[in-house]
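As structure tokens, one chain now follows by itself in the form predicted alone.
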């Protein structure tokens, strides 16, 4: 595979940054420009981009990354309770602690590969969920979830100001984590995360990870010890998940055990596969589709469908509403499932494969000479 040049990488970064930072503008016609949803796009984008470093480059399918998501959330909330409402220490601790747990879990699970590795990561995630839900209730507050309280210590904050009447809100040096300012903070972190991922993909380290995915046995025969590379990728991926979990707590200061359920791990797998495993942009496309379906498509009801089909005759509009209503609203999972089946069957490489096919088709058309040129070339 030809490695892109630095200039090509910079062009991709500029385009990616422009697209992310202008999301409130171009998502407005789609009804998805409100801050809470934009924050979800950015946070789950970080989660998926980090997961793709492990799954996309090494081929190791983990069903346990929700554990690091939950660890990041719990760590961030404890930072808010004990130190300060500024998100910087919370995010640093979330990344470091998630990386530490990823090192421990990866050291054990990477002794196996294939389906056995996947089952081991799933087991660790479920163990983490059950520990957070019941055993570690003094730390996690069990099923109620860890929340802020007015009488929390917040040592650093109390050194410089007195506690107010209500609960304080999270901020980044005065910039609130709610509203559009919160989205842009998450967006900048997503751009940084994407840049780091891009550097990993196009580095010698990334090349070695792809070689492991292609043929790990052959790598071992050439003298490479593959375990340190796999463990490093696992830890980096876990740190990305921890950052995403910390941002979840920063935008909504609550940490619950449900973030550690296997369904959260399964969701990021679907995002990566839907967009394109092993591609830089693919996971972001998967995040956008799934979160749009979950938050916008699921809100459609029969009244909205009647408005959409208002240009049709009444009898035809009624028929169309009857036919499409099972696929929207509460039935959005059915539509997403059908889309996922079609992608897996016809585009195993995800949406990015489809985009590449379209690009090649147009490139071939542009490259084909016209009949006049053909005649000139053949001397006719």
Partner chain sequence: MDAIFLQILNGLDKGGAYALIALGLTLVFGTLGVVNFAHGALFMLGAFCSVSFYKLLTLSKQVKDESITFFDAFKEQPYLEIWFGDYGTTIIDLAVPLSILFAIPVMLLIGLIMERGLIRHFYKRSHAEQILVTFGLAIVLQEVIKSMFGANPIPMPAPEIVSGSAPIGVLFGMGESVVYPWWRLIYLLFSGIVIAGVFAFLNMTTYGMVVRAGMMDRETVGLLGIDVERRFTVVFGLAAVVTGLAGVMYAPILPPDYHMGMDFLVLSFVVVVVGGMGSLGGAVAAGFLLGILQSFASMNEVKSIIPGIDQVIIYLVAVVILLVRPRGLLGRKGVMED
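Because the structure is predicted, anything quoted here is derived from the model rather than measured. Think of the rigid core as the biggest set of C-alphas that the two forms share within 1.5 Å after superposition. Residue numbers count along the first chain shown, from 1.
The same protein has a further form, the form predicted together with the partner chain, not shown here; the description that follows concerns it.
Trainee: Mind checking whether each of 15, 24 and 298 has a heavy atom within 4.5 Å of the partner chain in the predicted bound form?
Mentor: No, none of the three is in contact.
Trainee: Tell me the stretch among 247-255, 185-193, 69-77, 106-114 that has any heavy atom within 4.5 angstroms of the partner chain in the predicted bound form.
Mentor: Result for this chain: 106-114.
Trainee: Only one of 30, 316, 323, 345 has a non-hydrogen atom within 4.5 angstroms of the partner chain in the predicted bound form; which is it?
Mentor: Selected residue: 345.
Trainee: Which of 161, 144, 263, 307 has a heavy atom within 4.5 Å of the partner chain in the predicted bound form?
Mentor: In short, 263.
Trainee: Check whether residue 232 has any heavy atom within 4.5 Å of a heavy atom of the partner chain in the predicted bound form, and answer yes or no.
Mentor: Close contact is absent here: in the predicted bound form, residue 232 is far from the partner chain, nothing within 4.5 Å, heavy atoms only.
Trainee: Using a 4.5 Å heavy atom cut-off, state whether residue 84 contacts the partner chain in the predicted bound form.
Mentor: Output for residue 84 is no: heavy atoms all beyond 4.5 Å of the partner chain.
Trainee: Using 4.5 Å between non-hydrogen atoms, is residue 95 touching the partner chain in the predicted bound form?
Mentor: Heavy-atom contact with the partner chain at 4.5 Å: absent for residue 95.
Trainee: At 4.5 Å between heavy atoms, is residue 124 in contact with the partner chain in the predicted bound form?
Mentor: Yes, contact at 4.5 Å.
Trainee: Within 60-80, which residues have a heavy atom closer than or equal to 4.5 Å from the partner chain in the predicted bound form?
Mentor: The stretch 60-80, when checked against the partner chain in the predicted bound form, contributes 61, 63 at the 4.5 Å heavy-atom cut-off.
Trainee: Does residue 33 move appreciably between this form and the one not shown, meaning a CA displacement of 2 Å or more on the superposed rigid core?
Mentor: Not so; residue 33 is displaced by less than 2 Å.
Trainee: Checking residue 328 here: with the core superposed, does its CA move 2 Å or more between this form and the one not shown?
Mentor: Yes; residue 328 is a residue whose C-alpha shifts (by 2 Å or more) between this form and the one not shown when the cores are overlaid.
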